[in-house]
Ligand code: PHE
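Shown below, as structure tokens, is a lone chain in the form predicted alone; questions about how it binds or moves come after it.
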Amino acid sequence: MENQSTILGHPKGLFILFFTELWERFSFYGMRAILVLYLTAETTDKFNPGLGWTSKEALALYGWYGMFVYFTGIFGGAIADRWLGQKKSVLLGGIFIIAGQFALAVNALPSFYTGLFLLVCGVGLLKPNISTMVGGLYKKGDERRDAGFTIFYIGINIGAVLAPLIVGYYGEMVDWHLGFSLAGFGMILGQIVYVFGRKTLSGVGELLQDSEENRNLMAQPLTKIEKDRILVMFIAFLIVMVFWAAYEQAGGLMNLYARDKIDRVVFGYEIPTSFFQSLHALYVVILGAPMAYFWTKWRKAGKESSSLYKMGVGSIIMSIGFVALMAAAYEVSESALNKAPVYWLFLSYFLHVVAELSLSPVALSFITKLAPMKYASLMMGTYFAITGLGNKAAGLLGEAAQDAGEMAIFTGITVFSLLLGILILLFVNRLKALTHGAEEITN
């Protein structure tokens, strides 16, 4: 990829992956924005009936779906490493996602469950492998890599901004199944971009066993340095799991909380609940470049700016975001209308995104630097599997909130995220030593 022409100083292939992932995330976040709302909508609603589940039942399914949709990334990564290669795995995953979204568009319970199964398989194949391909666009030591992942991450969130506004509006306000079908059309656009842009990805995402040199590489045992780096990655995975357990309250507990406990009337207009699912992504698009600039200036000033340090800071900021939700829960308890002002939700989502930009794209780049080449997709798949466990934990916390109350859950998340972040900052130098210099590249 070293001789490939560039756009904005980055390989053209980055922007093909950017737009492919944009539409895949449009599909994913569009479906996520209306899933819990569809499950809990009354079956007797003549305007737009749903399945009539209780909030607890809906959050349980949301947690299981969130876990499996990312947990299958382990299998998607292994399939890419051993059989298909990343490029073909992304293509096949997109086909599964399209089929899954249109299965959800059919008003029948067996089709609904089939759609969820197809989505789980599709995201498992696509998500870890497209992220690994982004890393493959840059040679070892290329200082553009972190910036490349930030650009890629902005693409993810442009899709996530558009999805709740389009899919959410037509799903919630017109027909749930129309919303699901629109998510499917979004993925079709992503596949079109990917298929016609694959020529810009020559040499990236191919099956490693296709050459004798790579077959020999695959047969070699891991070195001491590689084992140490894998250990550090698993410690990073713990941070990631806690982060997503907190962050993914957005699609479940916070989604229902916005519907039932937040005063959504602004200037006489009631904001549809699903629209709040765009807030995270909108903030990412707005803050992505300024955050990247901040960390660059921070590093040039000679201050600690390793990936692990950023993850610790992100965990602490996430805890502060839940302090805002604790304030909202307090106002609900004191309000005669049993509702809190909407600004608490805006503030909480803002802080969550500052935390996200300190952690998530950094973690993606970090893994592509530390993972042994023969396990590149598998380790990225493991990252997304850990994300899936975080999603499941988010669902369990949402279920617990139905009995213990939102304040107890918001407080627990605040304390745990804060303590984890502080621990990471205290031991960051020891952890950096185990990367054997990789952190000097990831800065």
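Start at 1 and count along the sequence shown; that's the residue number. Remember, it's a predicted structure, so these values are computed and weren't measured experimentally.
As for the form predicted together with phenylalanine (PHE), it is not shown, yet the points below apply to it.
| message | Please determine whether F384 contacts phenylalanine (PHE) in the model of the complex, using a 4.5 Å cut-off between heavy atoms. | response | F384: contacts phenylalanine (PHE) in the model of the complex.
| task | Although phenylalanine (PHE) is absent from this view, report whether K127 comes within 4.5 Å of it in the model of the complex, heavy atoms only. | result | Contact check for K127: yes, within 4.5 Å of phenylalanine (PHE) in the model of the complex.
| request: Using a 4.5 Å heavy atom cut-off, state whether N157 contacts phenylalanine (PHE) in the model of the complex. | output: Answer yes; at least one heavy atom of N157 falls within 4.5 Å of phenylalanine (PHE) in the model of the complex.
| message | Since only the chain is shown here, I'm wondering whether Y153 would be in contact with phenylalanine (PHE) in the model of the complex (any heavy atom pair within 4.5 Å). | response | Although phenylalanine (PHE) is absent here, Y153 would touch it in the model of the complex, with heavy atoms inside 4.5 Å.
| task | Would you point out which of 45-53, 25-33, 407-415, 394-402 contains residues with a non-hydrogen atom within 4.5 Å of phenylalanine (PHE) in the model of the complex? | result | It is 25-33 that comes within 4.5 Å of the partner.
| phenylalanine (PHE) in the model of the complex: contacted by all of D146, F237 and F366, heavy atom 4.5 Å | No: none of D146, F237 and F366 comes within 4.5 Å of phenylalanine (PHE) in the model of the complex.
| Though phenylalanine (PHE) is not shown, can you say which of S360, S278, T200, T273 has a heavy atom within 4.5 Å of it in the model of the complex? | If I apply the 4.5 Å criterion carefully, the residue I get is S360.
| So which residues in 38-75, when you check phenylalanine (PHE) in the model of the complex, have a heavy atom no farther than 4.5 Å from it? | Going through 38-75 in order - heavy atoms within 4.5 Å of phenylalanine (PHE) in the model of the complex - there is one hit, Y70.
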